[in-house]
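Next up is one chain by itself, shown in structure tokens, the form predicted alone.
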Amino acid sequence: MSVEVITGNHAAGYALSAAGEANRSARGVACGIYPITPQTEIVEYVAKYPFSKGRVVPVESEHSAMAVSMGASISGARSFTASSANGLAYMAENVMVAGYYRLPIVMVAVNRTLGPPWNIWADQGDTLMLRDFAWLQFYCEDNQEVLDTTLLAFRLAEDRRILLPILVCMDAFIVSHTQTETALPEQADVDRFLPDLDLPHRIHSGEARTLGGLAWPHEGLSMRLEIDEAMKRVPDVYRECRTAFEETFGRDPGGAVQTFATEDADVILVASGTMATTAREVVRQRRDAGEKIGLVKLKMYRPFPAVELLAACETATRVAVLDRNYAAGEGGIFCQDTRAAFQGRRDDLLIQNYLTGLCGGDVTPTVIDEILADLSMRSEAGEPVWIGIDAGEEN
């Protein structure tokens, strides 16, 4: 294993390529790719990779990129792609289909603001518009987490108890284009970690099969129930994959929910992605000053880890949910699921939503301090609080 200074995009490209190469003794690898800022470096990396068995197919659109990846996957190849923002929106029809086909495709998404107006900076609205599709979703904090989670995603997606596609997400530019020290695993270790893909419902040459044909209501309902049951198995299977990852690579890829100083916390910040880095430092400083503040980082968003979140917030009386996303008229998306998780279980808990970092806004320690100051003055939860509007007007 070597340690190199690389970008988040490089880390994702490395992980996708190593995972694809690991399937060379089975059906190999194939995927469709299409560039879009800020994920273009990912597809450039995999396009140049000398796969022993398989190919990367440049196409004319994101819709076709997922179509190629689906075709490869249903044929039994290990398959992946990458996209961002309006590219994901254009791809959405096939993203939905891949989930209902139960194809273990891994897609790396660089979270970028949806346009118009056009904006290339970080915002999670692009992947969260897909939140009700049959895909798992993970949000990464740094380059190492991008690499590790991408590798783990293949093992999780391809497990026969799951067989669902996975989105691995990172913040545009803050992770995708920032270089940090990242441990790159050897191909031999990736080979050991990822068993050959043997998709149980793959198509075979010489065998007639219909895909996506008409299903009667009771048949469609049964398929939806199977997906629901697979989603409920994800937490346990994820823990197994996490253990196997640590045994293979010698480091922990992190839990679906990650806590910091929550054991006796009165106040807890809930965050995801790179906001968690800033929030953790603020929590550390305030802990040193004697304040009982903690952090919960939600790495896994789908399925939503309600049980783990409840346990992490057991001692809290106030929770601030920081959302780098927005559902029109409803506030932050992570906060909606957080409130649903506590509904009927913790009537004594004040949960306040803060919209910050949207459309690429900076989330600084000062922003976190402003959130904590607002939370401390509340006797009850109110409408979502928008942070950063005044600063934008001043500019």
Partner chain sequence: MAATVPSIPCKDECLLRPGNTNCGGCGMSVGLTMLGRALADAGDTCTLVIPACCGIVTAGAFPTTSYGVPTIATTFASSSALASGVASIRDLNGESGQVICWAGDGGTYDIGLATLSAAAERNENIIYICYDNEIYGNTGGQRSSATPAGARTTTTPFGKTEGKKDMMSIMAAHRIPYAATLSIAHPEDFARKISTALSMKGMRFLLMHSPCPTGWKSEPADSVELVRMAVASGLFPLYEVYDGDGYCINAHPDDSDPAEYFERQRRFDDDEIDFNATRKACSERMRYLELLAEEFPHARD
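Residue numbers count along the first chain shown, from 1. These figures come from a predicted structure and were not determined experimentally.
Below: the form predicted together with its partner chain, not depicted.
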property	result
Any non-hydrogen atom of K232 within 4.5 angstroms of its partner chain in the predicted complex	no
is_contact(Y101, its partner chain) in the predicted complex, heavy atom dist at most 4.5 Å	yes
Exercise: G54 in contact with its partner chain in the predicted complex, heavy atom 4.5 Å	yes
Close approach of W118 to its partner chain in the predicted complex, 4.5 Å, heavy atom	no
Candidate stretches 215-223, 149-157, 186-194, 311-319 - the one whose heavy atoms come within 4.5 Å of its partner chain in the predicted complex	215-223
Selected contact from L114, I203, A261, V237, since only one has a non-hydrogen atom within 4.5 angstroms of its partner chain in the predicted complex	I203
Residue (of I368, V43, C335, V29) lying close to its partner chain in the predicted complex, criterion heavy atoms within 4.5 Å	V29
Three-residue site A82, Q124 and L136 fully in contact with its partner chain in the predicted complex at 4.5 Å by heavy atom	no
In the predicted complex, residues of 67-98 near its partner chain [heavy atom within 4.5 Å]	A67, V68, M70, G71, A72, I74, S75, A77, E93, N94, V97
